[in-house]
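Single chain ahead, by itself, as structure tokens, in the form predicted alone.
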Amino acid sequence: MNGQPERPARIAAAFRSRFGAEPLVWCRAPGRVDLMGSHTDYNLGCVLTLPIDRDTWIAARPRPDRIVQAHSLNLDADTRFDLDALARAPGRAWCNYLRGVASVLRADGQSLCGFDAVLHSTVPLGGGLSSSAALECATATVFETLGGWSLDPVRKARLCQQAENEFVGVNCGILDQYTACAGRAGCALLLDCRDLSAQPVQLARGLQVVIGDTRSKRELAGSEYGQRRAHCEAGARQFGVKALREVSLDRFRQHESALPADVAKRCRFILEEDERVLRMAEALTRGDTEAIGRLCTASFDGARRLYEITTPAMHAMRDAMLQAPGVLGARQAGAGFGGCLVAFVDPGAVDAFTAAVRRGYQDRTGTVPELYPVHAVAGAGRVDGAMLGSGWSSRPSVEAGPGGGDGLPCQTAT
């Protein structure tokens, strides 16, 4: 269901089947891939991030009450909850992302409307491309649109991060939500996680980003992700600073031997990775393919030896990528522990590259991977008429741009 106009037609058909009416609001938020900067975000460092054209869509219709009913096409699952009784569902239920966003928005003083919704995502679930943040930010955009108010993208990102930290229970940094809310079409973002400022980075011609999904799923809640973060926090305390961002690599080297072995390894990776982010931004702008390959190799090697977030499936994917035609470099994407890798490829060799990686990875693992080129897209907003296709673009509820300002009040529901 990735293509147009099949995707909106199928979402609308599912909506009619469940709710007996047409959706009036369509909202979306993208996934993201980090081009460099694994785990630097919660250490208040820099990340080079790309909002991708794999996204989450929500088709919704306001209700006259305080109930949210939603159906996920990906999971074939339903949820129903009361905006005035936002309890957390047991376990790792997907509906907690919706409930969490509603909870933090309500606490922030925003006026919330109930709605019926059908959700669909082309972001691989559990693949390290921020499917959860895309869902959170799309949900917040629905509440904006229906409520007739608007949040600054950075404020929205902070609230969605809060929902994942405090309600869902994953102690993630700001990277995923920031990219999903503040992404810019056609550009990567060089995000400084200390002050949440970002600079657009235009990739030079001759570079195509391709994502390879190992189809080896990972779970962050209750995993070693929390342990890695704890190691970094312990290192920061040893240096008397708030976050590792405040420690220079030279200072770290002078005191490295005094740190516990695991803490020292984690800190070294973060500090070296943070420097690689800035060098990669320059290399991508210049189209310096030699530097791109060198930086990808150093990042993956550090992820393997120092941060210990790679898996056999990730190694198999990277080996297949590096042996495929047209590759310039390949490294881990997201938090690791499975999921996806990202490669930089000569645009003229994309088809040959993906075919070779598919064969190579399957030969190594017995699993058929998913591979897809991606492009930079805008952050969370309404799905515009062009995306919905013929027959939808005249509807005023699907105008392009962020939600808010001309929202549909709850009492218009029938």
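Residue numbers run from 1 along the displayed sequence. These numbers were taken from a predicted model, which means no experiment stands behind them.
A second form of this protein, the form predicted in complex with a small molecule, is not displayed here; the remarks below concern that form.
**Q** Name the stretch: of 330 to 338, 116 to 124, 80 to 88, 209 to 217, exactly one has residues whose heavy atoms fall within 4.5 Å of the small molecule in the model of the complex.
**A** Residues of 330 to 338 come within 4.5 Å of the partner.
**Q** Exactly one residue in 173, 147, 153, 302 has a non-hydrogen atom within 4.5 Å of the small molecule in the model of the complex; which is it?
**A** Looking at 173, 147, 153, 302 one by one, just 173 meets the 4.5 Å heavy-atom criterion.
**Q** Is there a heavy atom of residue 42 lying 4.5 Å or less from a heavy atom of the small molecule in the model of the complex?
**A** So residue 42 counts as contacting the small molecule.
**Q** Taking heavy atoms and a 4.5 Å cut-off, does residue 252 contact the small molecule in the model of the complex?
**A** The answer is no: residue 252 has no heavy atom within 4.5 Å of the small molecule.
**Q** Taking heavy atoms only, is residue 38 within 4.5 angstroms of the small molecule in the model of the complex?
**A** Yes, residue 38 sits close enough to the small molecule in the model of the complex that at least one of its heavy atoms falls within 4.5 Å.
**Q** Within a 4.5 Å heavy atom cut-off, is residue 167 in contact with the small molecule in the model of the complex?
**A** Contact with the small molecule, no.
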